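First, one chain by itself: the form predicted on its own, in structure tokens.
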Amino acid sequence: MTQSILDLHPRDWPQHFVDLGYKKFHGRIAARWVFQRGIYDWQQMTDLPTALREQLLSTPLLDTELVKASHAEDGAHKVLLKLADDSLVEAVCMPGSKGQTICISTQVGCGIQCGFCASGMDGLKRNLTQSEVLQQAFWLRREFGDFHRIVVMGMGEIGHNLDNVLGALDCLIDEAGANFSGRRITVSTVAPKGAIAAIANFGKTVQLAISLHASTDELRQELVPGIHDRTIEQLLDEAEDYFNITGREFTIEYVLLSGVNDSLEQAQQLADLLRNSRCHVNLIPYNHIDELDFHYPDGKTCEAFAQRLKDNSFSVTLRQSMGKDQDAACGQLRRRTIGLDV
């Protein structure tokens, strides 16, 4: 694939524009248009020379295509993007009390193959490039307006594509880029070896969320087979190092699956497991996927699970799932579109 200018850090755009035969300040101007003003059409950057804008037309900023958008009654929006090699990837925009939150993907498919997730049902095709990660944010901004928070929780595992994803986040956080607060970015990982350490040592403060989903190694390895060689104790030790390096608490993500991991006994096991961890627990009732044999737990079960953790002095959020009426689960819209003429 041809390299996009978005694969360059905006700090490097001034030199890139010099290489094109123009001035460094032209690169800084262009970066401001893209990252801070949300303009992705070279012709609209009216303070760049006409000849330069004509020259740049051969390298469009958005070389992905918006194939489909679904809109849920609760205000959530999901977009399906076609990449240059015809691969498909999803991104989501969700309303919130402080502004919109966007959720972006890191891979085409996923190699972790969590048993309850649609993202990995067709396996992993490839990693997304830095440009492809950024373009998800840009498409969502173009279609639905500015956003307040970013969560890297879509298709794929960040720990298997660290350079490109952290590179994209650096472009958004850096003053030469979007100057977006890293404290309003959350990255989610199942914690393959080295992932938490890389996030801790990123150099820009972002929030860490660990996808746990079980209170024992046996059940976790059944639900999350892609990291069968990792124990919960190992990832919690690394999470403690994250806290020591960044001074930030982390979040434990736990998808509640009816009859699988949602009993009061398992809630107590989770509380005992996390007893010495500096964390917040985010409980996520399962979003149903027709092809998978898991079910949404009833509200009373979810509330009882959350209350048991609270009784053990944990900070807990019982999350409301959004977009249930519009292919809400990660990878669902993509999977239902694969094989169609898009």
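Bear in mind that the values here come from a model prediction, so they are computed numbers and not experimental data. From 1 onward, residues are counted along the sequence shown.
What comes next is about the form predicted in complex with a small molecule, which is not displayed.
Of the candidate stretches 80-88, 263-271, 133-141, 247-255, only 247-255 has residues whose heavy atoms lie within 4.5 Å of the small molecule in the predicted complex. Using a 4.5 angstroms threshold between heavy atoms, G154 counts as touching the small molecule in the predicted complex. Proximity of F35 to the small molecule in the predicted complex: non-hydrogen atoms within 4.5 Å are absent; the residue sits far from the partner. Residue contact with the small molecule in the predicted complex: I284 places a heavy atom within 4.5 Å of it. Contact annotation for C117: at least one heavy atom lies within 4.5 Å of the small molecule in the predicted complex. Site annotation in the predicted complex: the residue of L52, I289, A69, C302 reaching within 4.5 Å of the small molecule with a heavy atom is I289. A heavy atom within 4.5 Å of the small molecule in the predicted complex is found for exactly one of V190, L169, A178, L208: V190.
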